[in-house]
Every structure is written in structure tokens, then in C-alpha cells.
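This document opens with one chain alone, in C-alpha cells, the form predicted alone.
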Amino acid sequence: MIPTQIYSNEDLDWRDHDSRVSREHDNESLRNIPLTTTTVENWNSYKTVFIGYPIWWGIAAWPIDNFVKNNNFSGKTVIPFATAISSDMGDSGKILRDYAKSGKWLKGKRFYSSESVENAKDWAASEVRR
């Protein structure tokens, strides 16, 4: 999911109260982020879907919202995962599940930036075997 207007490093500076993400955080009407596409090739063939995102202010980064809102998750197991410096998953998975209105959404996992690729792969493999 790529926003039509890419976020620059300055846009993502949450410490700057005038940065793009800070303005979007403070004004929910700015969070409807258009994406270059919300479709996935062969979407109907997937039974398990991993959705990854950073945590922003305790929720999923809002650019992911339009992807979730515009896809049908019926018959799919959805496993969210996130990265964050200090936040846990919070209500991010529940909020996305509510946007999706379908699918079996699992709890998911939050990863630290120091997480090894091998650990992340092992976790993903174990989730698929569930």
C-alpha cells in the first residue's frame, strides 16, 4: 500500500507539531489517505493474510485503513503485525477488524526494531501452522 502522496522524513517527524503526521493525528478528517492501489493480484486465492504496519499514537498507521476498508476479508484469517518504538499493538487489530467487517482476525504481534528477521520469519511460520 503506497500513499499517492509519499511521506517524507519531515512528514513523519511526530515531534514536530506541524509535521504531516502530527496534523493528521490532531485532525482525523486528514487521515483518509489515498493509495496508489488497494487491490492485490489473486486476492481471492489467499486464505491467510498478514497485514503489517507501524504503530502511530497507539493505532495502526492510518494509510493502511483504506486498504482494509476496500478489501473483502471473508473466508480469510488475518494476522496483523506491527513495529513500534514504545507502543504495543493497542487496539490496532480491533480497529482494523472493525473497518474490514469480515474475516477471522487474530491477535497479532508487535515487533521491536531490533527484532531479527529470523525470529519474525519463525513467528510468521508458526502463525500459518495454527
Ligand SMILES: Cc1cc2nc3c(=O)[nH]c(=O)nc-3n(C[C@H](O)[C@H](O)[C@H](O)COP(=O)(O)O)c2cc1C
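Quick caveat: nothing in here was measured; it's all calculated off a predicted structure. Residue positions are given as counts along the sequence shown, with the first one as 1.
Keep in mind that the form predicted in complex with the named molecule is not shown, yet the notes after this line are about it.
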Considering non-hydrogen atoms and a 4.5 Å limit, which listed residue (Ile55, Ile33, Val49, Ile95) is close to the named molecule in the predicted complex? Ile55
Counting only non-hydrogen atoms, choose the one of 65-73, 100-108, 79-87, 39-47 that falls within 4.5 Å of the named molecule in the predicted complex. 79-87
Under a 4.5 Å heavy atom criterion, is Leu12 part of the interface with the named molecule in the predicted complex? yes
Val21 near the named molecule in the predicted complex, any heavy atom under 4.5 Å? yes
